[in-house]
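As a starting point, one isolated chain is supplied in structure tokens, in the form predicted on its own.
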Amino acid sequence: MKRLFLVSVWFVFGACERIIPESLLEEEVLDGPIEGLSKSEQSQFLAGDIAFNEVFFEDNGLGPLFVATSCGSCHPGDGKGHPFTTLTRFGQTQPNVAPDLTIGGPQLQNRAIPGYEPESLPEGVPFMKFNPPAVTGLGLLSALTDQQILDNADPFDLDGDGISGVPNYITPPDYFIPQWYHQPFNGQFIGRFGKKAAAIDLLQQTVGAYNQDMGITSTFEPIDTSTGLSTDPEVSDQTIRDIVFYLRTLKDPIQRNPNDAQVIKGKQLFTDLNCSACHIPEWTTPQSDIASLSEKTFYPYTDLLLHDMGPALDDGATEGSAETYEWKTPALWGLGLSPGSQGGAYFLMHDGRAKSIEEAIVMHGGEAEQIKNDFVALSSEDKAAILKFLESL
């Protein structure tokens, strides 16, 4: 009887060991706070985390028209979204020309609560599909000054390298309050968030997501998207600010296997091909109101500027001062972890059309045409090294 009991105990606990997944290493997950937060900052980070993953229904403010039911449903684990959560933007077809909102938009809301009809894309209207990006490390990018971004702009390609990044100048919403690191230009400010860099700061990005993604109004964006009328706020200012703080204090992705010989070789090839002209590896923040963001060196692999990506990636629609063929350089950090939030596969480029890192590279055109051609001409061994480096980020 005693032997039977011991066998039963071993069976139960042995089975549990096989069922319970092993805990992931810090560098294998995107979620988590930046180091050095105070106790009060940790509390606000937690409040923002909870709000970010709150699921909305009809009785707590969802809709009536919407795309998603929570922030976390578009950014699972704070990572990239799946094509199922792709957003469709339309209305503006020329730089600095206000969207024609008489036809709807600027975002297609393709779902609706009972009793309402979801929005349909007007026939013949140019549109863009945006795959939701990862949200980790955004606070570090937010902490940079506009001048730091402008220092890398080269609209007339004066250095002759074929790369001519430009900022997207955005007319700010009424609630926008410039900070010391913002630099006005004819009443506009540099955008740095979104596929076209159409959001100036994380408050604008958050408020827009509540309103356009979930149909939820706030004091910042009080207009109901289904009626065009101002309504009472359905989410509090404190909740908005908690999410903004959460996004500002999410950790930056940690590179994996940085000392691997092939990763090191791939990093050098990445630089040799001049990929780093747009995907700038290293930045350092100035002083910040959040101590953990102050004077921190980080490695996002982006310049936060717009670049001509060629006719194949020209969707005919745009935002702000961007041309229809211009896209912001996406940060590459966390790239190798993308399948973890995308259902086990890669869905890359602005709309998820690339199903592998190599396919995404080959889709580069415009300013990156020569770099793309140089990559294609590499040996299989050198290509594999670059891909392994990118997967390590």
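Quick caveat: nothing in here was measured; it's all calculated off a predicted structure. Start at 1 with the first residue shown and count on from there.
Heads up, the form predicted in complex with a small molecule isn't pictured, but that's what we're talking about next.
Only one of T225, N131, Q92, S142 has a non-hydrogen atom within 4.5 angstroms of the small molecule in the model of the complex; which is it?
Checked against the cut-off, the match is N131.
The single option of L348, L337, L65, I34 touching the small molecule in the model of the complex, heavy atom within 4.5 Å:
Contact with the small molecule in the model of the complex is made by L348 alone.
Choose from 198-206, 169-177, 226-234, 291-299 the stretch whose residues reach within 4.5 Å of the small molecule in the model of the complex, heavy atoms counted.
Result of the contact check: 198-206.
Would the small molecule in the model of the complex be within 4.5 angstroms of a non-hydrogen atom of every residue among I190, A322 and K388?
No: none of I190, A322 and K388 comes within 4.5 Å of the small molecule in the model of the complex.
Within 4.5 Å, heavy atoms only: does S70 come near the small molecule in the model of the complex?
Yes.
The small molecule contact at F52 in the model of the complex, heavy atom, 4.5 Å:
It does: once the small molecule is placed as it appears in the model of the complex, F52 has a heavy atom within 4.5 Å of it.
V263: heavy atom within 4.5 Å of the small molecule in the model of the complex?
No, V263 is distant from the partner.
Does K267 reach the small molecule in the model of the complex, with heavy atoms at most 4.5 Å apart?
No, K267 sits far enough from the small molecule in the model of the complex that none of its heavy atoms falls within 4.5 Å.
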